[in-house]
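To begin, one chain is listed below as structure tokens, in the form predicted alone.
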């Protein structure tokens, strides 16, 4: 496992109203033993905890401002805090390096500073959640201040803690984030081209969580994935709108088959490289 996750100066945090707290966190993925520390709890409905929320939003804004996808404050409250689950990892502020504080813009009055953010929201469909937001300080700081797999483990912690069985999510085809998102379970394509989104070249996915996929993120050779994929005969070009539209039409018209991507291929290929589409 990763060394930093065992540091006394780092812990998972939960930023969640009390009414939404879980009675038996971590009871669905029982094979996962990665998260043994008691999380830091912050109540976003208390005025004294607003400064911690401000730091979360500062991190999120800086992470997404280049793509113009930063989250408005009201969306954070209305769409994440009230219905959903906000979490991540935090570090004792006094232990942060000067360069980290400068690059991220840290409030040094806080005891703990959030290093990452993951938001999930329950859907109407029983047991299914949607991943609303994921970011980490790794995208903002120098190599010496990065923490390996911080984003991946932040998402894993949230999914584990909230007992998520099925996850839907949204990412962009040529984004490095797709390499992370595809390692939580079989990666089903719900949309290949999504013009209702701000960015039409958006991929909507669904995964039934499988801990074998989590392990394979760190050791693809010794943690085999047993999913029986079969090549569909379709190969798409992720940088070509017409290719994505063609797959989208087939998704809309196909009545029986479901389309998947292989996480190993996404991780090992260039982000612009053609991708094979599979059935199970």
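Small disclaimer: the values here were computed from a predicted structure and weren't measured. Numbering follows the first chain given and starts at 1.
This next part talks about the form predicted in complex with a small molecule, which is not shown.
Inset, instruction - Please check if residue 87 has a heavy atom lying within 4.5 Å of any heavy atom of the small molecule in the predicted complex. - result: Close contact is absent here: in the predicted complex, residue 87 is far from the small molecule, nothing within 4.5 Å, heavy atoms only.
Inset, instruction - Using the partner position in the predicted complex, report whether residue 176 sits within 4.5 Å of the small molecule, counting heavy atoms only. - result: Yes, contact at 4.5 Å.
Inset, instruction - Find out whether any non-hydrogen atom of residue 134 is located within 4.5 angstroms of the small molecule in the predicted complex, and reply yes or no. - result: The answer is yes: residue 134 has a heavy atom within 4.5 Å of the small molecule.
Inset, instruction - Considering only heavy atoms, tell me if residue 192 and the small molecule come within 4.5 Å of each other in the predicted complex. - result: Result no; residue 192 lies far from the small molecule in the predicted complex.
Inset, instruction - Could you tell me which one of 204, 163, 139, 93 places a heavy atom within 4.5 Å of the small molecule in the predicted complex? - result: Going through each option in turn, the one that passes is 139.
Inset, instruction - Would you kindly say which of 28, 35, 217, 211 lies with a heavy atom within 4.5 Å of the small molecule in the predicted complex? - result: Checked against the cut-off, the match is 217.
Legend entry - Stretch in contact, per heavy atom within 4.5 angstroms of the small molecule in the predicted complex, of 122-130, 168-176, 101-109, 73-81: One stretch meets the cut-off, namely 168-176.
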